[in-house]
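There is one chain below, alone, in C-alpha cells, taken in the form predicted on its own.
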C-alpha cells in the first residue's frame, strides 16, 4: 500500500520525534551554524513548500552544486520526500560534463554555493540548461554573475510555513540520481528509488555495515555530491545521530578542529584526506580521543594509514562501493574467529575491501565467464546484485547492454576472494596490466610503493611493449629533498621482496603530481595520455620477463 512502502520519510519522522534536540552542525561560508532535528525538520518542510511553489513536482529533478553543509543536507530529505529526485552534481567536473549532466537529467531547479557560483556560471549554457527554471544561490545574496533566474536561498524559502504535508509515495518512486565520473566516456546517470535508498540505509546502519547508532557523531568528509556522501546523511538521520558537516574545502586543521570541538566518533573519506590529517597530527597536538573509526573508500587504504591510526586508537574500516551500488558493497570488518589472530594477520585482512554487506550477493568470473575459486589467488571480474544495486543507466541502452548480465552488475573491478570471503580489489578491468599473457595488478604495486616513507603518491600504468604486450611503469611523487636514485633502488627492492621479477616496473618516473579524477582518484587515463611514452620500456631487458611468458 502506497505510503507504507520502504521510503525515506520515516527516517526524518523518527529523528524529529525521538531526538528533537540532537544537533546538526555545519562549517559554512558564513561561519559555524547549529540547529537541531526539530529545527531541521521545519526547515526541510519549508524548503519542500518553496520547491512546490517553484513548480517542482513528482518525478522532477532538483540539482545541487554544493559542499557539505546544513542547507545541502536539507535538500537530501526535501526533494525525495515530496516525490522529486535529488540530483547531486560534482562541481569538480569539466564544464562540458556538467553541461551534459544537467541536460541529460533535465534538472528543474539547481542549488549552488556562493563559492561555486562562478564555476556554474562558467558551465552555464542556455541549451544544456534549457530545463532549469530557477538557480538558487545558498546564501543571502546573489553574486554578480551570468546565472539567469538566480535567487538567493533566503528569498526562495521566505514566507513558507513548516506545515507542508508529505505525500504518500510508493517504494519504486525515483528519489535520487548520481552520475559516474565519466573517466572512460560520457558520465552515466544512476537513479535510486525510495526503496533502494531505504535498503542501503538500513544495511549501512547494521553492525556489518558501518554500525551507526544514536550515540554517534558523524562527519562525512566525502563530498555530498559523491554518491550521497556514501549514504551517511540518510543513515545518521535514521539512527538519530549528530551530524557534523565540514563545509567548503576543509583542510586538515579544519578537520582536526571539528573532531575535537564536536566530539566526532565516525568520519569517512578517501585516503588522501587521512594522509593529510596524519601529516598534520605529526606537527600539531590533536585530541582524537572521541574518534572511534574512520571509513576509507574510493581507493585502497594504505597499510601505513591503518597502522598509524591504530597507534592513535582509531579503527580504520576499509570499504568498497560504486555509484551503481548506492554505494556501499563491502566493509572490512574482522570475523570473530580472526580477532584472536596476530596483529599482522589482522592488518592483512583489513587492507582488503572486506566482506559483502548483508543483503547483497556477488560472484567473480574469469575471461571465459566461469566462476573463480575463493583461494585468494584467482583473478576475475566482480559481479554484484541486490536491492540497492542499479539494474540500468538513465538513457544509456548501449551501456545497459554491456555492463549488465541478467540481474548482475558487471563492476569492472578485478578481484580475488580469499577462503574467508574477503574481497580484494586488485585493479580495474581497464587498469590491470597484461604482460606476457599474465595479469599484473597495478594497485598492488602502488600500495607497496606508497608504503615508502619518502613517497607521497604513486601510480602504475601499463605501457605498450612489442614483445610482452604491456609492461608496468611507475610514476612517483617523491617527498621534498629525497635522493631519487636511492629511492628507486629501495622501491624496487621492496617490490622484489613480494612479487616475481616480471611484475617489477621497467621504469620509475618522477612527476610533480599524479593527475586525479573529479572524485579524487588517480586518473590512469590522464597518466597514460600525459606521461606514458612507450619508449620508456622499449629497451627493457627481455631476460627478466621470461617468467611472465
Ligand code: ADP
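What you see is a predicted model, and the numbers here were worked out from it, not measured in a lab. Positions refer to the first chain, counted from 1.
The form predicted in complex with this ligand is left out here; the points below concern that form.
Remark: residue 231 does not count among the residues lining this ligand in the model of the complex, judged by a heavy atom distance of 4.5 Å or less. Using a 4.5 angstroms threshold between heavy atoms, residue 380 stays clear of this ligand in the model of the complex. The shortest heavy atom separation between residue 320 and this ligand in the model of the complex is within 4.5 Å. Interface membership of residue 119, defined by any non-hydrogen atom within 4.5 Å of this ligand in the model of the complex, is ruled out. Shown alone, this chain has one stretch from 446-454, 253-261, 470-478, 312-320 that lies within 4.5 Å of this ligand in the model of the complex by heavy atoms: 312-320. A heavy atom within 4.5 Å of this ligand in the model of the complex is found for one listed residue only; from 441, 353, 308, 416, this is 353. Out of the listed residues 87, 226, 200, 243, 226 is the one that sits within 4.5 Å of this ligand in the model of the complex by at least one heavy atom.
In sequence order, 411, 413, 425, 428, 434 are the residues of 406-434 having a heavy atom within 4.5 Å of this ligand in the model of the complex; the partner itself is omitted from this view. In contrast to the form presented, in the model of the complex the C-alpha positions of residue 300 and residue 470 draw closer by 3 Å or more.
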